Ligand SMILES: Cc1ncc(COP(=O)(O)O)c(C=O)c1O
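In C-alpha cells, one chain follows: the form predicted on its own.
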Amino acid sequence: MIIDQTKIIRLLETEIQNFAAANPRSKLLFDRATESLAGGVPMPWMTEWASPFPLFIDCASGAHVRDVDGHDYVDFCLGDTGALFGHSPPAVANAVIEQATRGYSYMLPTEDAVWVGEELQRRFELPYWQFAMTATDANRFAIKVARAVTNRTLIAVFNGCYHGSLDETLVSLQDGGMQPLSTNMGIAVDPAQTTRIVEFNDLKALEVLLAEENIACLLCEPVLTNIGLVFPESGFHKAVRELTKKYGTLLIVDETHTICAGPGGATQELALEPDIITLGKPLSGGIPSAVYGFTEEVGKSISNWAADQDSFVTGVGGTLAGNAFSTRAMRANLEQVMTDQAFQIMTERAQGLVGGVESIIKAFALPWSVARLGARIEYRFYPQQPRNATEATQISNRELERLFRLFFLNRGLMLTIFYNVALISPETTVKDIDRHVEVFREFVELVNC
C-alpha cells in the first residue's frame, strides 16, 4: 500500500481538532500553566505527545487513567514503563501509606534495603547493589565506577540508545561520524571527549573501537528501544561479551526499558553476563528509585579505590538515594507485584494483542509489521526488521506515526509518548486488548480507504 501523505496530513488535522474540542479543561490548565511552567509543563518531554497540548490527569488506577475532562483511557503507555505493572498497585500503595507514618528519609539503611538487595541478587545473579533515584543517576554512577575500575575515561554506546538524560549518551551517528543530539541543551563538554559510538549489531566496528583499549565501559540496552525495537542478531551479545573482556572494557546493561522481557529482564532472557546492570523507572511502582548492581570483581575494585582515599564517599549517591520511603515501595513491588505470575499474564496478553494486530495486517495485505519484547509491542509501518538505529530512522513516517497515536488517544487508548508502542501491564484485561485491536482495525480502514 502506498501511503498518501496528503491524506495523512488532512486526517491528522482532523484528529487535532477533535482532540482540542474534547478536552477544554486540559486546554485551560495548559494555557494557565504557560504562565508559571516553562512550556506549560513541569518536564519538557510532556510536550512531546501527539496531541496539540498534553492531557492533564486527574487520577489513575490499574491500567486506566482519567483526565480532568472526565475521559477514561486504557493506558498502554504506563508512564513509559514507570507504571509498567499498573497504576497504584495496592501492595505498593499500602506499603508506602504505612511507611509515611514512620519517616521518609533517614540517611541510614533499613531492613527493606537488605531484602531488596538479596532479591535483586537472586533475579540478576550479581552479588552487590547500590541505590539511586533515577535510571539516569544509576547510569551516571555506573560509568563513574567503570572509569575508576579501568582507569580509563572514554565510554561507548550504540547508536539509537536510551540511557536517560546523560550528556555522554545523547549522541548519534550522522554522515559516518558522531554528533551530539541537537535536542540536548547546554552541553558542558564536547561528547567527542567522553564518548564513542557504533551501530547496534556491528561487531566489526565495535572491535575496531575496543581494540584501542581506552574504553572504560560499553553502556548498552540488550534490545534497542528508543528508536523502535531493534533486536540483536544471533550471537551478537555473546560476541559483545567476548570483545569487552578481551579488551578490558566493562559491560553495563541498562534494563530500564527491557525489564519488560521478564522477571530478570533481558539479562535473564538472553543469558547475558554483564559486569554492571542498571534499572530504574518501574522498580517501585512509579515512585522514584533506581539501582545498579555489579560483579564481585567490580565490588572489590570499588572497595580498593575507597580504601586508597581513606573514605567510602565515592562521588555517587545522593541524600535521598536509598531513602526508606522508596525502598519500602521497591520491596513491596518486587515481592508482590513484579512476580513471575505477573510477567506471565503480561506476556500472554501481549501475545494476544500481537495476534489480533497481525491478523488485520494480513487481511488488508499491508506492508506493515509488529514486533514484541515481552510485554512491549511496537507497530511498524514497514515490513522489514531494522538492524540498527540508522535503518529504523530512514524508514519511519513521522506524520503517519503521530496520526496513529492521536487516533488511538481520541478513542480512549493511550499509547506511549514518543513511539508507536503499547505496554501491557498485569492489570490490562482481555477486554482492553480486544478494544485495542478494534481501534487498530478502524485506523487501518480509515487510511486504507
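Please read these numbers as outputs of a predicted model, since none were measured by experiment. So that there is no doubt, residue numbering starts at 1 and follows the sequence shown.
We do not show the form predicted in complex with the ligand, though everything after this point is about it.
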- Message: Taking 4.5 angstroms as the heavy atom distance cut-off, pick the stretch from 253 to 261, 339 to 347, 357 to 365, 69 to 77 that is near the ligand in the model of the complex.
- Response: 253 to 261
- Query: Pick from 369, 184, 174, 226: which has a non-hydrogen atom within 4.5 Å of the ligand in the model of the complex?
  - Reply: 226
- Partner-contacting position among 281, 196, 241, 147 - heavy atom within 4.5 Å of the ligand in the model of the complex: 281
- Task: Indicate whether residue 162 is a 4.5 Å heavy atom neighbour of the ligand in the model of the complex.
- Result: yes
- Item | residue 135: touches the ligand in the model of the complex, heavy atom cutoff 4.5 angstroms | yes
- Query: Given that the partner is absent here, does residue 139 sit within 4.5 Å of the ligand in the model of the complex, heavy atoms only?
  - Reply: yes
- Message: Is residue 221 near the ligand? Define near as a heavy atom within 4.5 Å, in the model of the complex.
- Response: yes
